[in-house]
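Given next, in structure tokens, is a single chain: the form predicted on its own.
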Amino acid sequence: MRVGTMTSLFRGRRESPEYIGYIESIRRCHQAGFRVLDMNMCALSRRQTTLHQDDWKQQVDEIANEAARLGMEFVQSHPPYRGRLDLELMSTPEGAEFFENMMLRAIEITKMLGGKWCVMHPATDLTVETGDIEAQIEYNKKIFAKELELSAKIGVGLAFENMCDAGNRRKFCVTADELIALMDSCNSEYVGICWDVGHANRMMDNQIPSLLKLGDRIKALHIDDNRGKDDLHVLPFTGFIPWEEVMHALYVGGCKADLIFEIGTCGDKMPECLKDEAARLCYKVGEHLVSLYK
């Protein structure tokens, strides 16, 4: 297990509405000590990166070349997901087509960067009971049909992530059993599971049994902390997650995924003059977490 982070560790700016680009983010992650990365493309469908443009392949080549020069490895990615803003985009046929195209582009980009897994948010069919697992599985296989076809064709896996409920609305794939059912139904070596430790802390009093049940089905990790209520995405040991128990369970269960931070520590609330030092602390915390993987 290695310490990694999403490229979005450096993205927002407190002092400016402009976003930090991928090349700068990679360099600053490298300076902080990271050598393993998740290519975060959640904002791709909202045109908040430049990868929606016609020259996207050239841009990806530049990103790959810079990562190679620095000795950085992309192991996974986070394509767009159907959040509130993206659902608004998809309310028109043109918007829905654009979103689908960006989803497929994100998988292609992952392949070009050498990544093995794309993290996907499972969908929930609101027209049936969430507990109707067979109906929810069929809905997801329909929603992700093109993504599943492309991933198998080019050899990049889809890792379905454990969800957390929104308000009073129950979401599909909150539990380990639902994730396993979805994964097994696809019957493909290119389908796995992403475990978000923060999501699990919001939905469960104790996530350890789920980690042990999932074991090596976990192909990607999202590491972040919270206090059991809101999805804060804060640095481990600043919330309520029992990290010693989590890391031991990942080890005993046989999870081989790299530890990937999904945190906002260096985000748009952090003054620019503090971000690099904060990123170095993130890396040190990651090193400590890996020391607990035993």
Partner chain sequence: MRIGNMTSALGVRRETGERIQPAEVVRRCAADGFEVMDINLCGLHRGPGMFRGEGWRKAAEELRNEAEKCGVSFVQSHLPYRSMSMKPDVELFSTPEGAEKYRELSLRAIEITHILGGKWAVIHPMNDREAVVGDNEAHIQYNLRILDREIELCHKLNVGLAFENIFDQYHLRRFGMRALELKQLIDYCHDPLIQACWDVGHGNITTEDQSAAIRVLGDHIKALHIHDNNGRDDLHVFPFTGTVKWESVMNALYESGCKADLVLETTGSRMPDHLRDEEQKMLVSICKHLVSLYQ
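Residue numbers count along the first chain shown, from 1. Since the structure is predicted, the reported quantities are computational estimates derived from the model, not experimental observations.
Not pictured, yet referred to below: the form predicted together with the partner chain.
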item: Interface segment, criterion being heavy atoms within 4.5 Å of the partner chain in the predicted bound form, picked from 25 to 33, 62 to 70, 45 to 53, 241 to 249; value: 241 to 249
item: Complete contact of L235, P271 and A278 with the partner chain in the predicted bound form (any heavy atom, 4.5 Å); value: yes
item: The partner chain contact in the predicted bound form: R2, any heavy atom under 4.5 Å; value: no
item: The partner chain contact at R14 in the predicted bound form, heavy atom, 4.5 Å; value: yes
item: Proximity of R227 to the partner chain in the predicted bound form, heavy atoms at 4.5 Å; value: yes
item: Any non-hydrogen atom of I20 within 4.5 angstroms of the partner chain in the predicted bound form; value: no
